[in-house]
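Just one chain is shown here, as structure tokens, and it is the form predicted on its own.
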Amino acid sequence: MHALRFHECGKPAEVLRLEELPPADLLDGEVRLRILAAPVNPADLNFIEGNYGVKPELPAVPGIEGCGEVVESRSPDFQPGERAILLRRAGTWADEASLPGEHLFKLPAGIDPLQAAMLKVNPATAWRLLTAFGTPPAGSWIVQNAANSGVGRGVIVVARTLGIRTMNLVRRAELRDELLALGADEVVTDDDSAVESAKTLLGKDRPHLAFNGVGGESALRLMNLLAPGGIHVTYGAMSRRPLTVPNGQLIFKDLQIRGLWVTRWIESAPREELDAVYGRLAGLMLSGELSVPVAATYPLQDFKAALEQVAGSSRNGKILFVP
């Protein structure tokens, strides 16, 4: 098998190597997957750089999510030809991966493998954002930044199914019509005018939940839009700028500042809960309601070109490896 592997942490384009590795022996209860698609996520890059919440055991194969087809199984729950996503880190930037069947979620027939490869992290994060901190009642508002991201799009779609309205902040004004077509209720540009623009559209209503994937000034704008006692949840830091909380937001508005790491939920939730959530999200993906734009796909050997496009400023969609 071939895999992208790194022997030291650093800049991904500099430390990654395409290597030929012997296939692992399959143990009782394990499944061998031929990887069909694996996205390049910011968390993957942070993992390679050594800046992620989990440190790599070197040498390591990156790839926190992906979709594969069963080619060999020693688990009674999976048969060759079935497709699944990996719920645990198993190094998906490779031709194949082997892991216990209990760490897989079986996909419904007919689902697009490119979309399924992105099911584990972003849609589940969107679901948890909307349900883990007290699901807002139908008709109420949430506010989020990074609304065009994979998580942001997931929030828009899932919120619509729950009857929750979304106020969405985006960096580029030209994204407005696209997100409105997806089901967003309101979209404003994430700049110095965002707070007043959003307040005008909200009227007297104020959201009690805010989802921050950016940090810096954008995170502060969400705080300014929250109702007193509201919950500000950080799940990412795209700007790589710290979260600064003014004293007044805590003293006078009594905001709750929380964080969400979906990996912790995946590792601790009962299997029945995981199956129910991923089953619901897979159904939305199968119907076409839940989807993430794909900018390009690359074979493993073209990883430097893939990483270069990931770093580009004009990209609109995810980059995936298709081994």
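Every value quoted in this text rests on a predicted model; they were computed, and no experiment measured them. Note that residue numbering follows the sequence shown and begins at 1.
Heads up, the form predicted together with a further copy of the same chain isn't pictured, but that's what we're talking about next.
- Between 194 to 202, 144 to 152, 76 to 84, 248 to 256, the stretch whose residues reach within 4.5 angstroms of a further copy of the same chain in the predicted complex through a non-hydrogen atom is 248 to 256.
- Although the partner is absent here, Y235 lies within 4.5 Å of a further copy of the same chain in the predicted complex, judged by heavy atoms.
- Looking at R271, you'd find every heavy atom of it more than 4.5 angstroms from a further copy of the same chain in the predicted complex.
- When a further copy of the same chain is considered in the predicted complex, L284 lies well away from it, no heavy atom lying within 4.5 Å.
- Although the partner is absent here, T244 is a contact residue: one of its heavy atoms lies within 4.5 angstroms of a further copy of the same chain in the predicted complex.
- In terms of contact with a further copy of the same chain in the predicted complex, the residue from P59, P293, G53, G288 that brings a heavy atom within 4.5 Å is G53.
- Interface residue among L45, V277, I266, L260, judged by heavy atoms within 4.5 Å of a further copy of the same chain in the predicted complex: L260.
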